[in-house]
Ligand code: ATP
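Coming up is one lone chain in structure tokens, specifically the form predicted alone.
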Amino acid sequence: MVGGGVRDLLLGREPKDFDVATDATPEDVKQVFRNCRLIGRRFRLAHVHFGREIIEVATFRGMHESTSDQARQDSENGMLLRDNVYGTIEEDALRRDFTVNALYYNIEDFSVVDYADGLKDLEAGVLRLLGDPEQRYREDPVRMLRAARFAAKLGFTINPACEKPLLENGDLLDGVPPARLFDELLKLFLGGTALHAFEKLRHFDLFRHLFPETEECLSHEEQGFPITFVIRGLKNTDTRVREGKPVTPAFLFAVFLWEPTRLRAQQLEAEGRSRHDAMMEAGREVISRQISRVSIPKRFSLQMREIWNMQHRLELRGKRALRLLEHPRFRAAYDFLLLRAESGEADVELAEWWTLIQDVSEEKRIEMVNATGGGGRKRRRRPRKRPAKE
């Protein structure tokens, strides 16, 4: 076993998963396990399935000097596009990103094998890259996000030599495929340390390369006060993760992109659009621009837009609004409204009204609706005119 699972066990944490390293090639692994699937082009890996569990098996990586162009391929800025060079366990250790992730657990004698002083850094609480930091970031810019994630998750400090290039090479993230950034952001923000990870990304000036429009909004104050909506949303996410409650990426991305969407909707309303149409168009525009940086699968972007569009409907509080209680996205939209109220954007009384109405009887709900003047009378339908007989 190798990597994060070994690291977390040594720290007294419960590993999320386990990775295996071997001298067997991916093709060899597939011959041994019929429940094996080979994945990846950049890094060829074997995924061995055991029910819902997946054990990731990687072949020991080798050094680059004696590699062929077919095995290794770089982009113009030094990013590795393909790297399937195999070698020894000693070479594999030196090819890993951080020293604390280069620890191996040998199941033959139950020993921890350390080729890179990872145990020393683990005890000191330091994140240190193996090799030249700038070169390692250029080979794979996602390592910059991993540095922020591990620093937030483990509470470690980043070695100064590895920290300085973080502040200078954020533009390398612009060349990373949007789909890969989406996967990495889920690890960053759905692990229970979303707020700390967010603070690290902004400190190292990396966040703007992921959410440029959001960063632009956060750089300004509103009515003399800093915008706290994103921070409150991330605190809420961390709380839910700690309590074992589900967190959907749709809600997370709806939080991140709300400010640019809200401001664009206000512009469209000022141009004469209805509030509903303005929000629909603003959501479409913002998501369309965002996916060029970080992809958002359609199943999540549709949920995001529903959450945003329901904010106006939650303000109506009439009989038609009560139907929202049965909407599959009501709970997410309600939680979103609470965040808006906490940050001073939405009416606190409105949020309290929706909180109360969920826990009262049907009779009491009708009373509450009538008290807001939202009861109304049923409309009488006009009889359809029959066509004149010829």
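Throughout, we count residues from 1 along the sequence that is shown. Since the model is a prediction, treat every value here as computed from it, not as a measurement.
The following text describes the form predicted in complex with the named molecule, which does not appear among the structures shown.
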- Contact residue in the predicted bound form, from R208, R313, R146, R232 (heavy atom within 4.5 Å of the named molecule): R146
- Item | Heavy atom within 4.5 Å of the named molecule in the predicted bound form - residue from K164, R275, R202, R180 | R180
- Query: Any of the heavy atoms of D121 lying within 4.5 Å of the named molecule in the predicted bound form?
  - Reply: no
- Is there any non-hydrogen atom of D97 lying within 4.5 Å of the named molecule in the predicted bound form? yes
- Message: Is N236 part of the interface with the named molecule in the predicted bound form - any heavy atom within 4.5 Å?
- Response: no
- Query: Would Q290 show up as a contact with the named molecule in the predicted bound form if we use heavy atoms at 4.5 Å?
  - Reply: no
- Message: Does the named molecule, in the predicted bound form, lie within 4.5 angstroms of each residue among R317, E342 and E352, using heavy atoms as the measure?
- Response: no
- Task: With the named molecule left out here, work out from 247 to 255, 146 to 154, 189 to 197, 305 to 313 which stretch has heavy atoms within 4.5 Å of it in the predicted bound form.
- Result: 146 to 154
- Out of 98 to 118, which residues reach within 4.5 Å of the named molecule in the predicted bound form, heavy atoms considered? N101
